[in-house]
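A single chain, nothing else alongside it, follows as structure tokens in the form predicted on its own.
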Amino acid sequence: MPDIQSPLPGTFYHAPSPDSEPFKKQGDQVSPEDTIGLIEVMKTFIEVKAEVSGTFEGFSVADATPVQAGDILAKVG
């Protein structure tokens, strides 16, 4: 099962805003260009792409969690 890793350190968000649905839910199909979350670095938001195809298995970290580069953010089956 491929893991989606954080490309850089920052705060990881599951959704585009606090009132929005997450970018992906368990069971959703993903393709390499799909956005699965955002990382905030110094008030700048960077999209995190799936980079793989498959079924979204779920997030590995809670919403609004500080992460480091290389941390596993989500799993794809």
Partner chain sequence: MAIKVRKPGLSTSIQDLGRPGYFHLGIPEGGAMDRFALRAANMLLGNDEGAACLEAVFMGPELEFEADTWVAVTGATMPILLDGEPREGWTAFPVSKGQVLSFGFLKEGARIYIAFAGGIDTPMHLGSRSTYVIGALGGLDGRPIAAGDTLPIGTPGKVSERKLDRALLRPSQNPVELRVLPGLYWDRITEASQERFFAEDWTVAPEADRMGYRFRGGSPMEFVPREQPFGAGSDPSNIVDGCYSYGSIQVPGGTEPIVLHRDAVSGGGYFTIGAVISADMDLIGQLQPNTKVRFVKVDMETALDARKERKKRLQTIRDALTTA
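Numbering follows the first chain given and starts at 1. Owing to the predicted nature of the structure, the values given are computational and were not obtained by experimental measurement.
In what follows, reference is made to the form predicted in complex with its partner chain, a form of this protein that is not presented.
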Practice prompt. State yes or no: in the predicted complex, is some non-hydrogen atom of residue 10 no more than 4.5 angstroms from a non-hydrogen atom of its partner chain?
Written response: yes
Discussion item. Is residue 33 near its partner chain? Define near as a heavy atom within 4.5 Å, in the predicted complex.
Written reply: no
Worksheet entry | 4.5 angstroms heavy atom contact with its partner chain in the predicted complex for residue 20 | no
Worksheet item: Would residue 68 count as touching its partner chain in the predicted complex under a 4.5 Å heavy atom rule?
Response: yes
Discussion item. Please determine whether each residue of 26, 62 and 73 possesses a non-hydrogen atom within 4.5 angstroms of its partner chain in the predicted complex.
Written reply: no
Discussion item. Heavy atom within 4.5 Å of its partner chain in the predicted complex: which residues of 25-54 meet that condition, in order?
Written reply: 40, 41, 42, 43, 46
